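In structure tokens, the next block holds one chain alone, the form predicted alone.
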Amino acid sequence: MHVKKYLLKCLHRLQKGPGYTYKELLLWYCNNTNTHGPKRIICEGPKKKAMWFVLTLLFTSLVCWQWGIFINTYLSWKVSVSLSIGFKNMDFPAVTICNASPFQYTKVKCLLKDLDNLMEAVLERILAPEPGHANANATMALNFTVWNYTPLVLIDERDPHHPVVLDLLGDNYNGSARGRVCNAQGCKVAMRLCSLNGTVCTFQNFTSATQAVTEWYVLQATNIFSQVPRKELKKLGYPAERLILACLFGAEPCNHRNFTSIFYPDYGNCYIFNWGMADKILPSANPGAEFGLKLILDIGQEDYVPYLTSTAGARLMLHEQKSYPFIKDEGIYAMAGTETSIGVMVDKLERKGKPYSQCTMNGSDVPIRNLYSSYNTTYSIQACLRSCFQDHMIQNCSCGHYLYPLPPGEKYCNNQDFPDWAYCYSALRRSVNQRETCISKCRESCSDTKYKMTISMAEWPSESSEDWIFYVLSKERDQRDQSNNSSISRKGIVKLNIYFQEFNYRTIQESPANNIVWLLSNLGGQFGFWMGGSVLCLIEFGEIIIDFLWITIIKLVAFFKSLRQKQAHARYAGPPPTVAELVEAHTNFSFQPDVADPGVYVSGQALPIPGTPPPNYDSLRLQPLDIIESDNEGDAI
């Protein structure tokens, strides 16, 4: 009811028309506003009116300009970074350890037999470029199935305009081409990658033959291992009971059963301590080396794959609980025959979310399918980037790369099923567009924890104590694994000591650089400084704007109402019709009179039309009031 009553009042106000004009409204505002300038415009003389009008217009422009700057700065969503230091008992980080060699050579030797033979022949050709030094019989006995897909070549570029490409193990390698001898100084080793049955090829160049043969061997080993099920690959790696010889956390003993096993394609079997997936997260009792994690590892360097792994040692990484360890990118090496002490400091980073940054809380708003979600780990930008690359690999090459998780229903790349995969993978890895696309789609995590490490190393064990230490460790290992007959030596032993240096932790937190309080303070300060105004002045200005709009609406309604009336009068060219004309206009001309007996009426006389016509009175004609009044005056005279 109240709404209806209010609407009726508005309708009556519209019908009544505006109560005052624009000029009257403007004069009323200048007389009653709390802003200083408009009052002087109407109160002073002509010269001062002009001066105050210019000043008011100038200062109003300055205020609007300053407001635009402040509002634009606020909408840029900049942040400021604050650093705070806290002290509390902290959870011990998750520790991931891997062997530098992903597999034991004694277990994968049968899989890599043909590849190793090819590698030996390649090295023989590189080391003995003259044709007389090469073993032709050994070359004829090689299995070229793998070689034909991705061969190594020598490119002679001594004549830049006519380079010569020589297949290292092909028929065209004769040590001489067009009278030249191709040696290490005159040629460079490259890898030939082809697609579409060899019709489209490209060459991946290297500055060193060592890099070339290593990359080629890793690529061919990837093709072989991608055809082996993951369960079988785990059996080919180093088991936990062989890798972990001794474990001590604070004062509590531990063993390989306290580690969670995962398969990392670059390093084989990796083991995570205090991952927090199934067991309770372990806290650190106190800072210091005596309250950390102590490990003794046997990396078994004598059983490394010779052409696949050229680095000896243990790979380790400290990370948050329930996060996937990307140990190849974020890990560090521990050297064999040394004790590596790692002091840990904690840095916690907290980013502001939208609209200040594009960070994500859990990755649910990232348009990339997380292929590492099967491990039940938290989101990370590394997982997103690798999942994005694998998606592009599947879209462009129709298969997934061996180093990344595989989506359901897809297959890993290999030479038999996907002969062009190496060419496609190389082109995709060099693609700048692919990297930019993945970087634009992936987002950083809003909350992250980094472990800053201080690393020191010393030779271990010392010469005076190595005999008894190796003897005791060998006896303990033999009791657990009787199948291992190799002896422990300095080349295969690694000692780790991981601990908190102190319980101080740093929190790097983002906060809005310009909040709403800052914006309102600056807007009010500029308005008060240049115009002497306040919030009430803004309300007054808003009120006059509303009044202007209300007057405009009323005038528009009145204009359209008068326009409609004019259109109604324009329907008749002359004076309004009489009642008789209106009735005649509606007469039914299709009416036919009854035909009477022809003998009754005189021949030739028209038959009467039944009915009485309406009277034709001039008094019923509608006339304007001024004409009627003039007629009355004439009658009176």
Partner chain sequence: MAPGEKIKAKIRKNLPMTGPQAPTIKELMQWYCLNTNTHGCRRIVVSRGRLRRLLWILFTLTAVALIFWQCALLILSFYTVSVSIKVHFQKLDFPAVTICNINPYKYSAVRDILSDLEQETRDALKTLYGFSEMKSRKRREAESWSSAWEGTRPKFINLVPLLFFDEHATGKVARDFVTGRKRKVSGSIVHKASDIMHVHQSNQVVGFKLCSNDTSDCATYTFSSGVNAIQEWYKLHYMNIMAQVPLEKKINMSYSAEELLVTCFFDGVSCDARNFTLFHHPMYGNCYTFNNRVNETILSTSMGGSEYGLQVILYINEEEYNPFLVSSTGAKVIVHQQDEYPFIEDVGTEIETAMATSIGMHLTESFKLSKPYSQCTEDGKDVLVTNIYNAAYSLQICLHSCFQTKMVEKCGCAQYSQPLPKGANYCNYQQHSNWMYCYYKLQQAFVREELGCQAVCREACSFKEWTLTTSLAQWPSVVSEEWLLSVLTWDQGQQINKKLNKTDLAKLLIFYKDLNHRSVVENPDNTIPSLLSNFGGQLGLWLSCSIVCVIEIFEVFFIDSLSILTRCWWQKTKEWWARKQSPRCPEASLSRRGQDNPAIDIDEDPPTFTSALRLPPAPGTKMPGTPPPRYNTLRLEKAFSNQLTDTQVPDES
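Note that the structure is predicted; figures quoted are calculated from it, not measured. Each form is matched to the other, and the largest set of C-alpha atoms that superpose within 1.5 Å is called the rigid core. Positions refer to the first chain, counted from 1.
There is another form of this protein, the form predicted together with the partner chain, and it is not shown here; the text below is about that form.
Note on the partner interface in the predicted complex: the residue among F203, F529, W550, F418 having a heavy atom within 4.5 angstroms of the partner chain is F529. Of the candidates S474, N497, N504, T210, T210 is the one whose heavy atoms come within 4.5 Å of the partner chain in the predicted complex; the others do not.
Heavy atoms within 4.5 Å of the partner chain in the predicted complex belong, among the stretches 249-257, 222-230, 335-343, 90-98, to residues of 335-343. By the 4.5 Å heavy atom rule, the three marked residues S310, L385 and I508 all count as contacting the partner chain in the predicted complex. Among heavy atoms of S61, none comes within 4.5 Å of the partner chain in the predicted complex. Proximity of K450 to the partner chain in the predicted complex falls within the 4.5 Å heavy atom cutoff. Shown alone here, N274 lies farther than 4.5 Å from the partner chain in the predicted complex, counting heavy atoms only. Although the partner is absent here, G525 lies within 4.5 Å of the partner chain in the predicted complex, judged by heavy atoms. Using a 4.5 Å cut-off on any heavy atom, the residues of 290-304 that reach the partner chain in the predicted complex are, in sequence order, Q301, E302, Y304.
In the core-superposed comparison between the shown form and the other one, F249 has its Cα shifted by less than 2 Å. Annotation: Cα of N117 displaced by less than 2 Å between the shown form and the other one, core superposition.
The Cα shift for P287 between the shown form and the other one, taken after rigid core superposition, is smaller than 2 angstroms.
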